[in-house]
Structures are given as C-alpha cells and as structure tokens.
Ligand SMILES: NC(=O)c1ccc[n+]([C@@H]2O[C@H](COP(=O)([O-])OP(=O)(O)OC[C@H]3O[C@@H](n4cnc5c(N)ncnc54)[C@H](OP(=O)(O)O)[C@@H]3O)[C@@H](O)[C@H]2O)c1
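Consider the single chain below, provided in structure tokens and representing the form predicted alone.
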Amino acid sequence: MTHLRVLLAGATGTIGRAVAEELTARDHAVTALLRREADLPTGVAPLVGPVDALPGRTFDAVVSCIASRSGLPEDAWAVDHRANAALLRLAEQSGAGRFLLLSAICVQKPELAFQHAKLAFEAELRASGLDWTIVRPTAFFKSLSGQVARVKAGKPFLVFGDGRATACKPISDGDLARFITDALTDPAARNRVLPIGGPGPAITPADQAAMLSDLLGREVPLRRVPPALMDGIVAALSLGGRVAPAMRAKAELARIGRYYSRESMLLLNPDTGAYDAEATPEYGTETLRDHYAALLSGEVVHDAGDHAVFGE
C-alpha cells in the first residue's frame, strides 16, 4: 500500500474531519492546513497560517475540502476560487504530484455565484499539469436533516409542490471520506471528474417525509409550498437589493434556495438535459434512513457544518 504525505485543507469541517480520520486510519501522514489552532483527529499534524506565508514543506498530495460558508458571491470567489488557487500554487511549490478537489454535483448546471467560482477553479486545476481528481458528491446527510427536529416536535414536513420534483442519492460523511481516500491512490481516478452518491435508490423530499413517518410510527403531514412563491421572493429581494446591499445578499440566498427547490442532485444527461438517477454512481453502505433514526434517538446531533445551504 502506498503511504502518502498529504496536505489537507478544510479539516475542521464535518467532511474534512472525516477525510482526516480516514486518511490517518490508512497510515497516510496528514498535515491539516489551518487558519487558527483547532482540535484535530489523533495523528493529524496542524500547520497554521495563510497559504502564501507557509514555510517550505514537501507533500505527495493536496486534498481540498474547503467551500464557501454562505455561497454569496464575495465569499464564493474568495474561498471556492482564490483560496483553492493558492492551494494549487502551494501544491506545485511543495512538489505534490496529486491534487484532489471536493467539488459539488450542482456545478453541472451552473446558475449561482458559488457554482461559477467552483468551475473556474476546476478549469485551473485541470490545466495545471498536476495529476488531479475532482469529486462531485450529491446531497449530504446533513443537508437533508434540517427538518428532523421540527418533525419530531409534531410540525409538518415542508416540501415544494408535491415533494417529488427533485431527487438525490445522499452520501454520508464517512462514506464520502472513504471514497475520497480510495480515489487518492487509485490510478483509474487520475485526471477524472467523479460524480458520486450514496447507496440508492434516489430519494425525493416526499420520500424523506415517509421515512420519518415510518421511524416515528405516525403520519408526518406535508406542508406544500408553491414553487412560484420562491420566484416572488427572489424578485422582491432583487428589487430591494438595487438600493440595499443587505437585500442583495438575501436575494442571492433566496436564489440558492430556489435552485435546490427545483434541481435534482443527480447526474445530468448532457444530451437530454434530464437528471438520470440510474446513471448516478453509488458508493457506501450508510443510509439516510439510518441517519434519521440516529437523529431521532439522540445518538447523533444534527450539525450542518459550514455547508448548511448546499450539498458541496
């Protein structure tokens, strides 16, 4: 087995932490790039400081799990593009021959600032001359867990329309970390974009509500929100944003919400323009149903991490 010296960015996020734990479990030497001191998994070495001010170090591979917190344009271009570009320069300077990027499957159909920022860096990475791998996961468990507490408290599950217009194959942090670690040393993953979901089948919001109904042993009512309502909210906030910067930010967040209310997180067929659940790759064994059961029992606590708005 090849043991690598890996520089990991984003190790304090929920996914990055899982990646750090998986890498060290397979005896890779992991250094976490941090902006400030933080608790890290056992065996992970911290490296604190801005990317462009770090002392000379040698690594075999760089893994980036960073992503903008809000998805707002300024944040997205600062993190999803410029911070990753700085990491790429560090990879080149440190002699790293591999760069693995955690991106997101939603960049297949870009409409939002953070998607364009991610794609801009993806293009730079592909042109860099390094061996690269771009991992584009579908929805995360944490991004589909925000309504569990309200449903447990007896409130309805909110869906757009009938709750069946969108679908995804959600993947757990642990399964995604294992997939990323596999890809890091797999020759077949080099210079490839790898879309990935968790174990199927694809799940709609209505399916999520049905899971919770079954686990709670009672019917979970649906509250249907008209999809056109999001159009009205976006239009109103965009109008207000012409004079108030705070309204511009809210308008962008509303656009993000509208995007996820109508777009599936599945592989997009470029010929038909339709999402294809059957063609969306699957990986792992951990299911959303089991995650919901653990949340309802109190075994785990919901943590949206830095990616509360998106799936990555």
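Note that the coordinates shown come from a computational prediction; the quantities given were computed from them, not determined experimentally. In this text, residue numbers run from 1 along the sequence as written.
Keep in mind that the form predicted together with this ligand is not shown, yet the notes after this line are about it.
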Inset, instruction - Among 124-132, 149-157, 99-107, 208-216, mark the stretch whose residues have heavy atoms within 4.5 Å of this ligand in the model of the complex. - result: 99-107
Inset, instruction - Would you confirm whether the three residues K169, R178 and L267 all fall within 4.5 Å of this ligand in the model of the complex, going by non-hydrogen atoms? - result: no
Legend entry - Proximity to this ligand in the model of the complex, single hit among A61, A67, I256, V30 (heavy atom within 4.5 Å): A67
Inset, instruction - Determine whether any heavy atom of T14 comes within 4.5 Å of a heavy atom of this ligand in the model of the complex, and answer yes or no. - result: yes
Inset, instruction - Although this ligand is absent from this view, report whether S145 comes within 4.5 Å of it in the model of the complex, heavy atoms only. - result: no
Legend entry - Close approach of V79 to this ligand in the model of the complex, 4.5 Å, heavy atom: yes
Inset, instruction - With heavy atoms only and a cut-off of 4.5 Å, decide whether A139 touches this ligand in the model of the complex. - result: yes
